[in-house]
Ligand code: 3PG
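What follows is one chain in structure tokens, specifically the form predicted alone.
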């Protein structure tokens, strides 16, 4: 995969677990649990002697998994990691020699930064993706927003203090490429062979970062007269109607279509943090994308889509928050 393809993968997945593993013999089981949980990606940190062999084992057993190396402090460690199978390199700080080695050898690298001066240094080295670390103690989402002003071209991988409670806050940030964390792959879970728990925590994290929020419930009507009649019947229940060119809304939560739209009975709409990411997520669940339903924003990005499959006779669509 090219650098662009790997960074697109990170964005569409939305999360890169940070793995500290003490026993490389557990690497295959860990990788299996993560893949089953919907996260075919890992940053294995060089904070233990098992890191290099763990990268080799995970990459060999699950070639579809994007395995990288973290806590890479110098070019020598970067070279060892890549020879073991690492597809990307992550550093806690910005070391020019490591960055230049990776660039020379075509290896995606995301060095750590937490100040504007460090971001500018990264930009001057030609980097478009940087690691914001340690995220929470460096100002969190507010700091990311502030950095987005002078550096709109930069996207961040964020790690340090991220957990299930603040995961979605980071996932909503416009300049966050993906979030990183270790809560779903904690060392004690790995050491105690808690593979089912790791799988469940991975699945929970992937679902939560989508930010699913119920938007509205759509009902198909047999023409505009029928839609108006239904609207009048809902009005006594305290719901305020408003008309659009295609439908009537009741308090923005019930939409009555003037004509039969998608879905046997109607549709259900959800708001999400990132439409492209959710598209990737629903495809991983076995849904197929109705490409003829796409709506785009001013930059040409998909901001709305339906899946082809129905649930109980209702079509399902997703839109940007």
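Residue numbers count along the first chain shown, from 1. For clarity, every value in this text was computed on a predicted model and none was experimentally measured.
Below: the form predicted together with the named molecule, not depicted.
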* Candidate site 68, 87 and 110: all three near the named molecule in the predicted bound form by heavy atom within 4.5 Å -> no
* Structure fact -> Here the chain appears without its partner; judged in the predicted bound form, the stretch of 232-240, 130-138, 143-151, 79-87 with heavy atoms within 4.5 Å of the named molecule is 130-138
* To do: Please pick, from 218, 181, 211, 122, the one residue with any non-hydrogen atom lying within 4.5 angstroms of the named molecule in the predicted bound form.
  => 181
* **the named molecule: the contacting residue among 24, 15, 18, 302 in the predicted bound form [heavy atom, 4.5 Å]** => 18
* Asked: With the cut-off set at 4.5 Å between non-hydrogen atoms, does residue 75 touch the named molecule in the predicted bound form?
  -> no
* To do: Indicate whether residue 47 is a 4.5 Å heavy atom neighbour of the named molecule in the predicted bound form.
  => yes
* Asked: Looking at the partner-bound form in the predicted bound form, is residue 93 within 4.5 Å of the named molecule by any heavy atom?
  -> no
* Asked: Would residue 161 show up as a contact with the named molecule in the predicted bound form if we use heavy atoms at 4.5 Å?
  -> yes
